[in-house]
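The chain that follows stands alone, in the form predicted alone, written as structure tokens.
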Amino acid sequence: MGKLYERLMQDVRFQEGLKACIHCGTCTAICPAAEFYVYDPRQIVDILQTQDDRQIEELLKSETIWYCGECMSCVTRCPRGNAPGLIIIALRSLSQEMGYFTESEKGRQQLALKRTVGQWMLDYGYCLYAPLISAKQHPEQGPVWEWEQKHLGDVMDRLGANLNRPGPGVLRRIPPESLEEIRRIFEVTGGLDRFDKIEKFSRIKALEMGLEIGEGTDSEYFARIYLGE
């Protein structure tokens, strides 16, 4: 048994997700991601059952483990009760833990998620924080969002929101004590430690690529992984 497989076996999601695969391919047949990517959950399970470190390391460094949408359709169809979606979550976690995620394009985007969704939850209490969803970083929103960003306060008032103000309402300012509670949850569950690892390995990769990484969302490395610039 390889060391990487042993580490995966310590993850309860892997324990619950891989039981007795018979390689019928039903998970691949039902998988929405398989319709859009070269993605085969059955093949991933096949690799893991070899318990071979070399193959598992290649998987942890690949684009493949980032294709899954975690919809768990596979769980509803597997005749043996496996959950490839849970296996993927365990693989992603180990890839982040060991820094392998920086070896693939989609893996490197973990830093973008950390510095937007993750940081916004810690700083503002929201996984999507409208004032920071810039038109430049979201060109797919078109000119409408660019206009809304310039008039966000008026737009939110017209919609009945309470943007960044105390009291009740959508997008209200979250009290400091609630933000501290969120931070404590991240700390106790290992979220902050995981964020630190994503930053650490991303900085190593940015140095390797000769790109400035900075602290926020305005850097060469961020632009490369987020917008492909």
Partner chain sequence: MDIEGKRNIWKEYQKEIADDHYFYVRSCVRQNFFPGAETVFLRILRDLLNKDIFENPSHTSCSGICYHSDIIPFETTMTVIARQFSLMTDAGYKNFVTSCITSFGLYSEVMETWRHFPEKKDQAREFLRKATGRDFEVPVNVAHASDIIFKFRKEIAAKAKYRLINRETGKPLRVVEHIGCHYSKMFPEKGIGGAEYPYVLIGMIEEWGGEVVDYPERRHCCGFGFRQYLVRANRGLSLSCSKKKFDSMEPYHPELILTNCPGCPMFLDRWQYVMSEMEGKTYGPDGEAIPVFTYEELAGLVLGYDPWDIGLQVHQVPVEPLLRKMGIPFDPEKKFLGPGGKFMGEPQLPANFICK
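Because the structure is predicted, anything quoted here is derived from the model rather than measured. Think of the rigid core as the biggest set of C-alphas that the two forms share within 1.5 Å after superposition. Numbering follows the first chain given and starts at 1.
Missing here is the form predicted together with its partner chain; even so, the following discussion is about that form.
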property: Triplet Cys21, Gly25 and Met98 all within 4.5 Å of its partner chain in the predicted complex via a heavy atom; result: no
property: Proximity of Phe195 to its partner chain in the predicted complex, heavy atoms at 4.5 Å; result: yes
property: Non-hydrogen atom contact Val38 with its partner chain in the predicted complex at 4.5 angstroms; result: no
property: Its partner chain contact at Gln15 in the predicted complex, heavy atom, 4.5 Å; result: yes
property: Interface membership of Ile204, its partner chain in the predicted complex, 4.5 Å heavy atom rule; result: no
property: Residues of stretch 178-212 in contact with its partner chain in the predicted complex (4.5 Å, non-hydrogen atom); result: Ser178, Glu181, Ile182, Arg184, Ile185, Phe186, Val188, Thr189, Gly190, Gly191, Arg194, Phe195, Ile198
property: Rigid core superposition, Gly69 Cα moves 2 angstroms or more between this form and the one not shown; result: no
property: Core-aligned C-alpha movement of Ala161 between this form and the one not shown reaching 2 Å; result: yes
property: Arg194: Cα shift of 2 Å or greater between this form and the one not shown (core-aligned); result: no
